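There is one chain below, alone, in structure tokens, taken in the form predicted on its own.
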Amino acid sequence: MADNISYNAPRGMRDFYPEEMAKRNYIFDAWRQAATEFGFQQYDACVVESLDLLKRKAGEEIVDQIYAFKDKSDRDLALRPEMTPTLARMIVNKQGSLSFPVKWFALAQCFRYERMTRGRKREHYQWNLDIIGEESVTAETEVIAAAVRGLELLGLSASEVKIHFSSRQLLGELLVALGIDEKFHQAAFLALDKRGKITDEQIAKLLLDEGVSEAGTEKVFGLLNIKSLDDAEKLLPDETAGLKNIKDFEELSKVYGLEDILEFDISVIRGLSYYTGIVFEGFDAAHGFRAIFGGGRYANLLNSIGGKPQTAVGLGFGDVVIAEILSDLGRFDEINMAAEYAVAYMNDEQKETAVKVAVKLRSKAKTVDLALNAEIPKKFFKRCEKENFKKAIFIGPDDVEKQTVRIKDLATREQQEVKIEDL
């Protein structure tokens, strides 16, 4: 029986050994610092959600993509595939007592049963940033600027990452200007969002199946020839609400210093139906991976689950793609998991002194790896080199007698003698 046990994590899931945990913490620390700098408050929630809540948000087809199950009371539940429905539920639960706008962030573990590729797992962590209750484009720029700060803390700049943005509202106005009836807009959004994932012939069939005429289908594809906001403006009879909104966003983005990292891209649509305004996606500059993060303005999610209508802007930033990018760029090479100090002793007679040294250093907020048993100097210093400690203290009989220690800098090989009481 035991011979059939696999010691690997289930397919698509991940174990985090210390070296992988250090990389995860490196990413999480940057996310948490950026969110905190921008005034977002952290929240969390249960990882198990009501399946009905997820269906309300994304439809019946989501059941095929997530881990759904019945509990012992025959309730339909699921492991959350993303955080936004849970956030909406939590907001609606206290909508009458919250002071809006709220700025919340989460580091959420999510599960989605889907085909795996590089940068896609069936389990991942996601940094969510949401501003709820603010109508101005300040919400979009604040969320994007926080994400850019997170990238900066990970050592990534505009030369390595680009954020492509568009507007569902503007795209709808363009479809109207081209004579495409509003009842076909959602089908057009969903079809165009699949470009690159399926062939143009398949996309055209999707549109035709939804009732869009052949001429209308050609016009929908024609929108993808728009290369700039000026090109879009030329197709509109006058300045529309969506056009003004995205112009305001561009102007405010310049004040934030985001102009170098932002690129207008009419093909950014975001497949989820609840987006209503500006949408955006971050990509590595070489486009070697799927989107690093994505998000946008949504206005109908809260009322779709029984709450009062409220506009919001959200962003989801997964850990899998960004970890691949950082690894390719060698950014993880500098991560040092080791404690700053390694302390060891030659014989049991020096154990008490070694413990006192470790306690004293730790009381000064130093990280210390204390040897758990006596060891010879050669073995200790070989271990220090392997474990990548910064400083080493090896205590022998003379050190106990003199009540001093020799602190060796393992990078420079310089040694300093210090009284224990002066540590």
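The model shown is predicted, which means the values in this text are computed figures rather than measured ones. In this text, the rigid core denotes the largest set of C-alpha atoms whose superposition between the two forms falls within 1.5 Å. Counting begins at 1, following the sequence as shown.
The discussion below concerns the form predicted in complex with a further copy of the same chain, not included here.
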item	value
a further copy of the same chain contact in the model of the complex: Asp209, any heavy atom under 4.5 Å	no
Heavy atom of Glu37 within 4.5 Å of a further copy of the same chain in the model of the complex	yes
Arg406: touches a further copy of the same chain in the model of the complex, heavy atom cutoff 4.5 angstroms	no
Contact flag, Glu182 vs a further copy of the same chain in the model of the complex, heavy atom cut 4.5 Å	no
Stretch from 228 to 236, 252 to 260, 325 to 333, 158 to 166 whose residues place a heavy atom within 4.5 Å of a further copy of the same chain in the model of the complex	252 to 260
Non-hydrogen atom within 4.5 Å of a further copy of the same chain in the model of the complex for each of Trp31, Gly314 and Val418	no
Sequence-ordered list of residues in 365 to 388 near a further copy of the same chain in the model of the complex, where near means a heavy atom within 4.5 Å	Ala365, Lys366, Thr367, Val368, Asp369, Leu370, Leu372, Asn373, Lys386
Thr36: Cα shift of 2 Å or greater between the shown form and the other one (core-aligned)	no
Residue shift check between the shown form and the other one, rigid core fit, Ala358 Cα at least 2 Å	yes
Core-superposed comparison between the shown form and the other one, Ala45 Cα displacement 2 Å or beyond	no
